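Next up: a single chain in structure tokens, the form predicted on its own.
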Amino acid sequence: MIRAMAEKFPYKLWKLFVPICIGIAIYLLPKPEMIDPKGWKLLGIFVATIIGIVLKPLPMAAISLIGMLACVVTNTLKLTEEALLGFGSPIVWLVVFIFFIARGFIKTKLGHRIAYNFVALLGKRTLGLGYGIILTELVMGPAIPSNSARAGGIIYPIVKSIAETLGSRPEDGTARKLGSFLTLVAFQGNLIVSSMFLTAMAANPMAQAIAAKQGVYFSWGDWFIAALVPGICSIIAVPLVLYLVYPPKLKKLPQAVSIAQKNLRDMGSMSLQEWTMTAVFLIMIAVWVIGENYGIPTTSAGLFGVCVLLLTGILSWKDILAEHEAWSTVIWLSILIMMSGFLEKFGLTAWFSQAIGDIFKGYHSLIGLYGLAIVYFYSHYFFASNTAHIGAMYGAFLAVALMTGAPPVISALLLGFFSSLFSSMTHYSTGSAPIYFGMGYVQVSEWWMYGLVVSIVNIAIWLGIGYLWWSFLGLM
């Protein structure tokens, strides 16, 4: 018995020991004076939590709970007043509501009907399906100012239904057959589209307002025109790169179109439940498009959808309780959002922004701008929200870029574009990330690895092709 235990536990203990040691090492480093001592402790706990999530000695939610416990027992945060604040985040509950709504698509078979139509139209090749998913995002992008709403309410049910319809499920070992590839393409496409339109991501207008306070003004059209060429290049390149480095096992679908058409015929006309689900879906889209103008938050539309599905019997309370991934997401995402918020409150982001600004002040304007943009991009590893990152660092980085003599408008726009694209790397980076990650098709290590690959591709496109396009427009 003892021997069996010794053989079973050392590896998991090692994977738990490593993040603890790294967290302690960070805490023991010299602390900058402008940072609250609690902030330095929290940095060590946050990094240790993230490393623990990647190494997976325990499930993600369990690691996050241990991270929250560390915050409390080290007197870094008070439990009720601070550590539990993340559980009230609207982003967390929007993600959870979307999980429930997606269950409605599956139960009513509406998701399968949409998937069959999608496959019938674009189903000859897997890569074609990937481009079709991004084109759907592109059409919706200008009108729905929430990447979470587009991902969870529209694209997520389609991707899940297509994967399951073609025999790819994470629980039976067939994730890499199709679902893993489509998941990453859908997620990365969501971010690219968010970067192309001022109204495609809720925090984009926030960047516009911060820039205006520094005397830099740009319109919806300025944003779109500047993003058009690099955005299209990213839409073309990213699915192809993922197809090469993370290929689906199912590349050609010679019979998929005929099978989809046959299944649509077998399904017959839409049922009452499908019509009800469609109506709820369209109302939610309408609220997401115009709701903010009338003071209706995006999360409220998700809550409305879930309640209607419960009242109409499309979902039962057992369905809600059975969504284990949704409840797991509540725990780990709430805790990471909480930690990220307090890192900013304790002065970590202000110190970091000032330190980076001092480094780039003496450089040529273009080198300074590009260096700042890259640092701004990869600092998103420490954020669980686009809005929080923009609020903490966008203004400071834009101010430093202007001090180096960089072109004002393109400096503001480039940091704005990166404020969506920088979410490509982690599974907690923005509202759409936990939605797609929660499908279970992509492991944490894969998400981070291929997210880093996509980040390099996007940076190369937007700083390379983008430079040529912006020079042509006279912005450089």
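Please read these numbers as outputs of a predicted model, since none were measured by experiment. Note that residue numbering begins at 1 and tracks the sequence as displayed.
The same protein also exists as the form predicted together with another copy of the chain; that form is not shown, yet it is the one meant from here on.
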Another copy of the chain contact at Q214 in the predicted complex, heavy atom, 4.5 Å: no
4.5 Å heavy atom contact, G88 to another copy of the chain in the predicted complex: yes
is_contact(M393, another copy of the chain) in the predicted complex, heavy atom dist at most 4.5 Å: no
Partner proximity in the predicted complex: T299 to another copy of the chain, non-hydrogen atom cutoff 4.5 Å: yes
Residue stretch of 34-42, 444-452, 60-68, 412-420 approaching another copy of the chain in the predicted complex, non-hydrogen atom distance within 4.5 Å: 60-68
Contact residue in the predicted complex, from N117, T312, T136, T278 (heavy atom within 4.5 Å of another copy of the chain): T312
Another copy of the chain: the contacting residue among S219, N293, T80, S258 in the predicted complex [heavy atom, 4.5 Å]: T80
Three-residue site V72, C307 and H324 fully in contact with another copy of the chain in the predicted complex at 4.5 Å by heavy atom: yes
